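We begin with a single chain expressed as structure tokens, specifically the form predicted alone.
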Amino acid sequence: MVVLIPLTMIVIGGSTSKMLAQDLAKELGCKYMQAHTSRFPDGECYVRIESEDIDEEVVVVQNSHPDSSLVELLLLQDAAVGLGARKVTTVVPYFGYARQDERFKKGEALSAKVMVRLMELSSKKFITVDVHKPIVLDWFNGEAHDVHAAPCIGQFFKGHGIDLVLAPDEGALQRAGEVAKVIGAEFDHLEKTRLSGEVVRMAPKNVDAKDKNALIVDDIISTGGTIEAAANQLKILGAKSVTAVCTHGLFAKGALDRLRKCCNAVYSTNTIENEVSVISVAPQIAKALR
């Protein structure tokens, strides 16, 4: 009988994902290396993996957002190949440009497909977290996985008194359900009702929020407008507290400061590293790598 011995891995962290890459290496029990990244005076990216050679599988962890991070990711992949990596697996915690998965208007670029084509040039396996539409991974010519942050979010809030988990809309109800299952709480989605030309009421569709500790769960918080409106409405409906959490915390245009005024607390996972990214998705990524 032939016994297959799994190859050892080296996790290499890019500049956007240092904390997550370190968590992932600990989760896998393998070596971690932080790539050296700097910028030339003209703004071009310089990348170096400080090693003489690599004879293992390399896991590169780096976001493709913003644009400068995408260039760094491509250079990290090439550096690993140049050192002799047996296989390069690319972990992109937040897949930038994934929301442009169709040509909505004539003449538009199919951005998600372009990004996939670039990232597969030096990589045989691709992993991302809560991608906007998992169907875009079908364009990857190799093994591709979209892992869910919900179990990690649920574990973080387990035992913290959350009574009700809410999705911002019906399309995100499954994510709220996955989080609620871990916590052991009710779940529902928020429904908008237009009361007049300018007034919109937002409330849980099936569950009463009165006197409950509510948790709003979303995949991305960008400007935070939807969460802000929902939190304010839940307080009017008598919610005891409102906490917001997301997988990808972009927090554009001062969103975090505004959300802190209407929410009791705001959290995100560490797919995008920021001051509230305290929930690690490393356990879920590790499952896809084992």
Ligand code: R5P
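When you see a residue number, it is the position in the sequence shown, counting from 1. Because the structure is predicted, anything quoted here is derived from the model rather than measured.
The form predicted in complex with the named molecule is left out here; the points below concern that form.
None of Ile221, Val242, Val58, Val61 but one reaches within 4.5 angstroms of the named molecule in the predicted bound form through a heavy atom, and that residue is Ile221. With the partner omitted here, the residue from Arg86, Arg99, His148, Lys113 that has a non-hydrogen atom within 4.5 angstroms of the named molecule in the predicted bound form is Arg99. With a 4.5 Å cutoff on heavy atoms, Thr37 does not count as touching the named molecule in the predicted bound form; it lies far away. Contact annotation: Gly225 falls within 4.5 Å of the named molecule in the predicted bound form, judged by heavy atom distances. For the chain shown alone, Lys181 is not a contact residue for the named molecule in the predicted bound form, no non-hydrogen atom being within 4.5 angstroms. Heavy atoms of Lys124 never reach within 4.5 Å of the named molecule in the predicted bound form, leaving it off the interface.
Note on the interface: of 139-147, 102-110, 116-124, 212-220, the segment with non-hydrogen atoms within 4.5 angstroms of the named molecule in the predicted bound form is 212-220.
Contacts to the named molecule in the predicted bound form (heavy atom within 4.5 Å) from stretch 125-151: His132 only.
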